[in-house]
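As a starting point, one isolated chain is supplied in structure tokens, in the form predicted alone.
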């Protein structure tokens, strides 16, 4: 890939910081972040950090400098979206639209939009393919889906080279424990380190598709490089479902804990099974590299 100027929104967050690390070795990287994220990873040398908001006027100037925009910045708290749907809308819909409108007047090579598997809501079947019905259960899911629709419309109406990513359960040592999509890993690890039993809601047979942030970064590289990604939506998962019981067992193995699992009443609204159909991403050449057992070992080194 030739050297480019890449604008990463939310570049101090969990995913954005890993993208910054990967892309800054061969490219000029600009990070736009409002510092609301709990991730406090140091920005690599040579990266331009702009403290600002995706709803702000500085977006036009920054997008004009970029060859590629990777848009990860978002309000990601589902509970906050339920309590403050207007705040969620302003960040995730109007912020995205502000970026897209700035991008419309440029000659961007790629605009990568980070959506979420939350757009699917209750799943009718698994694995979940990209054309599975979208029935979000929260304002967050609605705002992410709306951002997708705006991005794809800007491709159809204005020729903007957009690619959309729908991550499933991303995990990394930099993740926010309050993120409900990956927080279960952090909570299990925190309890294992403290010598406490993992707490499981329900019978633990519910399944999720946990994907390492390193695999997410690999897939984003493909979306930036491959022209066949333009105008399309891609699930970002491993295609492998893991029960919460199995996850707890792996965490205990990694951290040397032998405490019995503690079960509590199932939480209302929890989706029973979730696993991605990643055929579309595989068509670009994507192959998940990180097995869950290996990915969780990375936490032990933190």
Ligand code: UD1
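All of these numbers come straight from a predicted model, not from anything done at the bench. Positions refer to the first chain, counted from 1.
Keep in mind that the form predicted in complex with this ligand is not shown, yet the notes after this line are about it.
> Using a 4.5 Å heavy atom cut-off, state whether residue 253 contacts this ligand in the predicted bound form.
No, residue 253 stays farther than 4.5 Å from this ligand in the predicted bound form.
> Though only this chain appears here, would residue 183 touch this ligand in the predicted bound form if you measure heavy atom gaps against 4.5 Å?
Yes - in the predicted bound form, heavy atoms of residue 183 and this ligand come within 4.5 Å of each other.
> Would you please decide whether residue 106 lies within 4.5 angstroms of this ligand in the predicted bound form, comparing each non-hydrogen atom pair?
No, residue 106 is distant from the partner.
> Is there any non-hydrogen atom of residue 201 lying within 4.5 Å of this ligand in the predicted bound form?
Yes.
> Exactly one of 26, 270, 64, 58 has a non-hydrogen atom within 4.5 Å of this ligand in the predicted bound form; which residue is it?
Exactly one residue meets the criterion: 270.
> Considering 78, 165, 151, 229, which brings a non-hydrogen atom within 4.5 Å of this ligand in the predicted bound form?
Exactly one listed residue reaches within 4.5 Å, namely 78.
> Report the stretch among 83-91, 185-193, 98-106, 215-223 that approaches this ligand in the predicted bound form to within 4.5 Å, counting heavy atoms only.
Within 4.5 Å of the partner lies stretch 185-193.
> Can we say 118, 206 and 244 each have a non-hydrogen atom within 4.5 Å of this ligand in the predicted bound form?
Yes: each residue has a heavy atom within 4.5 Å of the partner.
> Determine the residues of 158-174 with a heavy atom within 4.5 Å of this ligand in the predicted bound form and present them in sequence order; the list may be empty.
Heavy-atom contacts to this ligand in the predicted bound form: only 169.
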